[in-house]
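Only one chain is included here, represented as structure tokens and corresponding to the form predicted on its own.
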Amino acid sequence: MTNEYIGVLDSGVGGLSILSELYKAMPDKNYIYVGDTKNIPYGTKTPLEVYSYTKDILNYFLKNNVKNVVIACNTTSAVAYDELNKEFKDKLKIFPLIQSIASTAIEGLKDNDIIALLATRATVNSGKYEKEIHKINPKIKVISIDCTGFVEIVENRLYKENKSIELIKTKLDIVKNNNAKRVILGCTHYPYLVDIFKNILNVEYFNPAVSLAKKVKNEINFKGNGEIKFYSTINPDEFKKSAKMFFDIQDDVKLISF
């Protein structure tokens, strides 16, 4: 038994969809989750800003007995992971979301099949999903769709607003018009919306969280006691309310600042 922790970070509650799968796969591990709600959404920030926010969180993890970090944020994986890994590779084992799950995202697809990516603007502009998928199969066509606004729908619990439904429908019409065989939920907030997605367009939705949890489980050996600590960089009570759909947080969410 050890007091070592797995650090999990995201811009808000979205990464709880990752933490949920991690906990299902490894209920005996200890976790520290940081939701950087002060700086949400990461998807409209510059790569330098995302790098700076995430670097602060990683330094906090280092001070709190974290040796393994899961970047539960597609945007950070897309625009900041390479630089972060250079800086922290001798101190932390970092699991980036996109790079870790690209191969399973296209399992079963054939040459010339079309896969759609729903993601933040920063992830779309980075082209990271296309690059990682095309390393495996350059003949699969990737349609990347900027879904700016989806994160705010989740964080502010605006699921039933007409404007929300119309925005989602507009994006899924692009998927439909391109005859995509599969849709990647390319932001950890988007699994919160998948029931709405399915009501509008019934195609296969790929949630990277499950694949990432399997990969992490295969590479982490320490045994803990299932403890989870939750931190938010602003409005911890609001964070807890928004979290309920994917993770019923029993303890208080603590405020943290860097």
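The model shown is predicted, which means the values in this text are computed figures rather than measured ones. Just count from 1 along the sequence shown to find any residue number.
Form predicted in complex with a small molecule: not shown, discussed below.
Peer 1: Going by a heavy atom distance of 4.5 Å, is residue 40 a contact of the small molecule in the predicted complex?
Peer 2: Flag for residue 40 set to yes.
Peer 1: Check whether residue 151 has any heavy atom within 4.5 Å of a heavy atom of the small molecule in the predicted complex, and answer yes or no.
Peer 2: Because a heavy atom of residue 151 falls inside 4.5 Å of the small molecule in the predicted complex, the answer is yes.
Peer 1: In the predicted complex, is there a heavy atom of the small molecule that lies within 4.5 Å of any heavy atom of residue 184, even though the partner is absent here?
Peer 2: Residue 184: no, not in contact with the small molecule in the predicted complex.
Peer 1: Any idea which of 184-192, 137-145, 86-94, 170-178 reaches within 4.5 Å of the small molecule in the predicted complex, heavy atoms considered?
Peer 2: Every other range fails; the passing one is 184-192.
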